[in-house]
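Next up: the same protein chain in two forms, each one alone, written as structure tokens (structure 1, then structure 2).
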Structure 1
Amino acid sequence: MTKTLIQDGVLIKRYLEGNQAAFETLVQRHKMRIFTSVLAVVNDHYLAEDIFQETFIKIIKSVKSGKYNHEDKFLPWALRIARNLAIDSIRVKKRMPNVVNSDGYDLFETLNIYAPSQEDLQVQKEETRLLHSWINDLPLEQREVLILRNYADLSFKEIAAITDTNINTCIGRMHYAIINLRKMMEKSSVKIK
């Protein structure tokens, strides 16, 4: 027996009629894609969580004030809000000084608060860190498309709508992101499994 998926527009309407569970369904349905898109831009898990919450606060305010008129285009609309908030946070962060140690590294990044006790977990953690580092070294446009495509599982059409570009531009950015990642991997002595 298959379960019929209620459209986002219907859930919004039900929420406006007082059904809180309808909005919770929307959040559950789209939380991974929205969170991942924010994380792609800010590259900070805790900041991404804050922006994710701020995104849904803004969505609630917009919906309740009658500003939502996108029918069943909820996800692209929500992703655009999240992306704008993430970019705003980057602008603010660029104005803030970093606390660096004598080697020039961000002090908070060098603190190892969580030390896994198993060697395999440590290796996996290092590989993940290295991959994230390479992804972070990509230009913002390439990084954003790569993460929205691979981690948020969005189509190039959806990514184009979110980033105000066309599909070919998104495909090109993805292509160059992959080329650049391959170059970084080839230069590194560490190979990711």
Structure 2
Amino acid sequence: MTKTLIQDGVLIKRYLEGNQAAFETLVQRHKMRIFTSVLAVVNDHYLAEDIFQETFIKIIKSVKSGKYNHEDKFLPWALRIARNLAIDSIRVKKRMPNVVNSDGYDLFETLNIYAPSQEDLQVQKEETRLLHSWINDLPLEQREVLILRNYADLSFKEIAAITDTNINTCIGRMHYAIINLRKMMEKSSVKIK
């Protein structure tokens, strides 16, 4: 028997009627896509946690104040909020000086609060790790389209709406992302598969 998912719009309606479990379902359903998309933009696990939390607080306030009118387009709407917060945080971060220790290392980088465990590192395949590091090196616009299409599973039309561009621009960015990844691969003289 196939289990039918309750649509996002229904969950929001139930939450507004006082059903807390409905909101929890919504968070659990979308947390990974939203978090990964934020992480792709800011490239900083610690900051991504903050933005993720801020995103949901904004969502709660919008929903409660009756501003949510996107029916079952919850994810694109939530991703737009998350993206705007992430872009803002990058702007702020660029204006902030790095805190550097006497050896010239960025203290926050040195602390490496969210470094993956040794076990995690062993589990990660080297090929995937390399590809991810190359994806992180892509220009933001290209990285964003690649992540939103592959990770958040949004259509190019939805990505265009979120990023205030058009479909052709999004597809073009995806194309350049592939070209750049190929170049990085050749440059590192490592062939994946």
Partner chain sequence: MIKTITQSDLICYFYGEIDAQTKDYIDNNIDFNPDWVTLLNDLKEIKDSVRLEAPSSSNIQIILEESLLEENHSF
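For clarity, a rigid core is taken as the largest C-alpha set superposing within 1.5 Å between two forms. Each residue is numbered by where it sits in the sequence of structure 1, with counting from 1. Quick caveat, the model's predicted, so the values are computed rather than measured.
Taken from the form predicted alone, structure 1 is distinct in origin from structure 2. Superposition on the rigid core between structures 1 and 2 places the CA atom of residue 35 less than 2 Å from its counterpart. Structural comparison between structures 1 and 2 after rigid-core fitting shows the C-alpha of residue 133 displaced 4.0 Å. Core superposition places the Cα of residue 167 2.3 Å apart between structures 1 and 2.
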